[in-house]
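Have a look below at one chain only, the form predicted alone, in structure tokens format.
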């Protein structure tokens, strides 16, 4: 049974891992996190996690945990928010209250490795009812820079909603659907904030930043400006409004684990009008804050609802 459907209506949804070999292992070493089931008490450290936010940059994810600490009223002026994965230079991880913030690097291979270990961590910690959101930046198509795209479906470079991976020499195709209810909740949060425009649309996930995204400014380019514009026009016609490099494997792995997942990316430029960023550092920094603001507002709202539900249940 599809875990995504199995969990619907359940009072407590665990994080699924589909690997029978894990049960035979005396220890599971989460190598790239510098964590393990024998060396760390994962349930004690992470068992209260309800929200996980992931993004490419370690700096951005530290910035997010500092921001969400303030939003949830958990801010401590003396707190340093240490990197839980300080023993490795691959990823960074921060935690405050029920929120975990993790960097994933750039591209499908990097986020895939991180997600394998993150999903196992949540599973070993016996976390339930977890919502996971990727926050990041992207190139827009036909949108004003600064627009937030909440992904409806992640599509590949041929505009098909699928993630393909070669396993044991065979091509395995997996779904890239994301949680529609979560996407609508995020859009409603954006409308209430009324600070920037947000849309729900398809996101194209590519294997490359340059030729794979029809850029003209890479070290190699075998197509014309007209070819590029024709391709982007076809992408737009198919429902694509932004391009990034992680959403397909993120969507497929979260769906397999039964997690409510969303992708929230700000567009830094309209790719139909250019390939390179021209805004000032401050402008780009301000745009990158928008996914944090939106997701922070969502988590704050959800946390208050959880507290109310717990309070009414104790009465």
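Not measured: the values here are computed from a predicted model. Residue numbers count along the first chain shown, from 1.
Absent from the display: the form predicted together with another copy of the chain. The rest refers to it.
K.L.:
Going by a heavy atom distance of 4.5 Å, is residue 288 a contact of another copy of the chain in the model of the complex?
P.N.:
Residue 288: yes, in contact with another copy of the chain in the model of the complex.
K.L.:
Can residue 106 be called a contact residue for another copy of the chain in the model of the complex at 4.5 Å between heavy atoms?
P.N.:
So residue 106 counts as contacting another copy of the chain.
K.L.:
Should residue 207 be counted as a contact of another copy of the chain in the model of the complex, where contact means heavy atoms within 4.5 Å?
P.N.:
Yes, contact at 4.5 Å.
K.L.:
Looking in the model of the complex, any heavy atom of residue 241 within 4.5 Å of another copy of the chain?
P.N.:
Residue 241: no contact with another copy of the chain in the model of the complex.
K.L.:
Does another copy of the chain, in the model of the complex, lie within 4.5 angstroms of each residue among 17, 211 and 219, using heavy atoms as the measure?
P.N.:
Every residue of the candidate spot has a heavy atom within 4.5 Å of another copy of the chain in the model of the complex.
K.L.:
With the partner removed from view, which of 194-202, 140-148, 111-119, 179-187 is the stretch that lies within 4.5 Å of another copy of the chain in the model of the complex, judged by heavy atom distances?
P.N.:
Among the candidates, contact is made by 111-119.
K.L.:
Are there residues in 42-65 with a heavy atom within 4.5 Å of another copy of the chain in the model of the complex, and which are they, in order?
P.N.:
Heavy-atom contacts to another copy of the chain in the model of the complex: 56, 57, 58, 59, 60.
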